[in-house]
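So this one's two forms of a single chain, laid out as structure tokens and tagged structure 1 and structure 2.
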Structure 1
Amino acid sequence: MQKYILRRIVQALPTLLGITFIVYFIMLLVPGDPVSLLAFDPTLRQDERDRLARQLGVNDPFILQYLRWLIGDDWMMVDTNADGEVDAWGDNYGILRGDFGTSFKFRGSNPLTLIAERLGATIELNIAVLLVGLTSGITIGVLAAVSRGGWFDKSTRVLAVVGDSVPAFWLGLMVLVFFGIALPRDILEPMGIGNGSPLLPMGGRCPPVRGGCPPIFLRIHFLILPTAVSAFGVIAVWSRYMRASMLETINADFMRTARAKGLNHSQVWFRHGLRNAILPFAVFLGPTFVGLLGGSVIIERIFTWPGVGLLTFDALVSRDYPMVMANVMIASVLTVLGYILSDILYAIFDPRVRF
């Protein structure tokens, strides 16, 4: 297995390099430029704008910008103006040296440092989504399979189609409208319940307090809405696949043997059937977590959750190339590791698999 993991990692290197090249090229094609967004000042002279563009290096050709981001810029000649002053220093950064440069928007800040500060919030949200999504999706899938053709099975199939079709951004906005406006003002207040204020926080990770956020059990209500919206799609997908896998397992010989031994239904379904039906889902576990990280950009923006997704959105809006590319690299590496993890888990769950 060690040789297999090493081979997969070596094979992933050209993939990661290709991803960075394509994303960097697409990013430069987006209308707008960092100088216009950073120096939004109508009184700023054109020569000052040009100087800022030279310092950021955004006026250089695409391939030059990409190589500088990839391997550093100490091999380039230093730009000087007419007075002999340096306009652009060779900072010797480059991702192959472990340095992602300096953020355009957060001047003087390393992108990896900014991402590390927000990573805890994103992981916290995604772990909550995984726990809720996988637990609910697997349970619903098993119950739908054992009650095939019944009202519960039919309703969960409709739920799966809806959950797989509804965009997360639309569902998040509708949840904010319902819990923030319709429920407290139009439903509960006429009944004499509440004072018209939202029952749950409409955004943020915790109340604005000095010293950071309190422990999670004191602010669990801040997780309810973003977790529910993000987990809805996970529940839909996993319940549908779990139902199909359970239907293949439920009529197997060992299941009939378990029922003949006098075991109750929960032991037959969850102890014997689930253990075998869940094996194929080892392939989806790694990509599911990576997909949640990608979807965090939407969920965190809607609910103003201070994680990596919100930071990525702000970087995209401000054309912060170093920050965007740092997020792309981290997401790409996590994607590759997620698929490798899925293969490893599949081998652990099913001893018949050999690499």
Structure 2
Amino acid sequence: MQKYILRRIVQALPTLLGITFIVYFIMLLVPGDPVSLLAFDPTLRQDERDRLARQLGVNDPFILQYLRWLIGDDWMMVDTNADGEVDAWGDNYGILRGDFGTSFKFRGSNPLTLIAERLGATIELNIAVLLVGLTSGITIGVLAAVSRGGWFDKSTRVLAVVGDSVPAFWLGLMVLVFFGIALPRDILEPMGIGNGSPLLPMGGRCPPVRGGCPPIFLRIHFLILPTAVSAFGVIAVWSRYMRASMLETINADFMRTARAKGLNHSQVWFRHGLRNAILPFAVFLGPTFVGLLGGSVIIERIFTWPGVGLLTFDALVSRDYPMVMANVMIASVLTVLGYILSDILYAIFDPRVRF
């Protein structure tokens, strides 16, 4: 088992390397020259500009620049005055040692510390989404399989297709309109209930108070709307897969044996059927997590949830490139970890998998 985990991690290394290459390549698409972007100073004289360019190595070959970005240049000297002799030490530690440069927007901050501050919020939201989405998705899928062809089965099918077709951002807006405006002002207030203020918080992670957010059980109502919107898509996908997987398991030999030896209906379905039908889902866990991570840009933007997605969005709007690069790299590393974790989970839960 340990060997398998180790091998899986070693296999991920070329992928991680490839990701750094792609991200660096995309950064080259940034319009404008890096010197003026980094210096942020239009009054810079030409000789200072040249000096900075040499220090940054912007005229070096692509592969050299990439390596510098990756592993830093603090161990080598750079020729900053173009006299053919090296004269100053590099001051860049490289992203492998956590140096993504400094954020443009938050002057002087290390992007990684900013991300670390925000990561908790994103993980909190996505765990809530996974909990809600998986439990309801699996339950709905199993019930649909048990009552195959019935009204429940048919209506969950419609729900699944609708969940796939409605854009998450629009669903988010609709939910905000309903709970924030339509329900309290147009329905409840005329009935004499409430004062027309939104029923649930319209965004954010907690009330705007000083000193950070209170413990999670005091602000669970802030989680409801973003979780519901985000989980809707998860439920749509998982309920359908679960139904298919369950129906496939029904025809397995061990199910016939279970029935033949006289187990009652629920024991056959849940003890034998469900436990086997649920196995392939360890594999879907990775992609689901990745989907949520990508979708966090949209969900966090709509509900102003102060996580990594919103940070990425703000960084892109303000063209804060070091911040953007760090965000994409961290999200990708999390993605790779998510895939590894779901493979390992699968190996643990299914003894038939050989290492």
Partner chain sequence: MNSNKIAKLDAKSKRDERQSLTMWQRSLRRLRRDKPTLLAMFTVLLFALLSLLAPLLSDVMGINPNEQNVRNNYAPLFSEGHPLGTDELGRDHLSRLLYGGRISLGIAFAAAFLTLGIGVAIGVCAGFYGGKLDDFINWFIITLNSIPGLFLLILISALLSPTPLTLVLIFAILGWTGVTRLVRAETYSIKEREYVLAARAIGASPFRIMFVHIVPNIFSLLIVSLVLGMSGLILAESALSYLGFGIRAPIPTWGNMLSGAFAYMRRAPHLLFLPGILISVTVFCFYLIGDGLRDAFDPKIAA
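Structure 1's sequence is the ruler for residue numbers, which start at 1. Since the model is a prediction, treat every value here as computed from it, not as a measurement. We call the rigid core the largest set of C-alpha positions that still match within 1.5 Å between the two forms.
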query: Structure number, where the criterion is the form predicted on its own; finding: 1
query: Core-aligned C-alpha movement of L316 between structure 1 and structure 2 reaching 2 Å; finding: no
query: Per-residue C-alpha change between structure 1 and structure 2, V268, threshold 2 Å, rigid core fit; finding: yes
query: Core superposition result - C-alpha of L64, shift between structure 1 and structure 2, Å; finding: 8.6
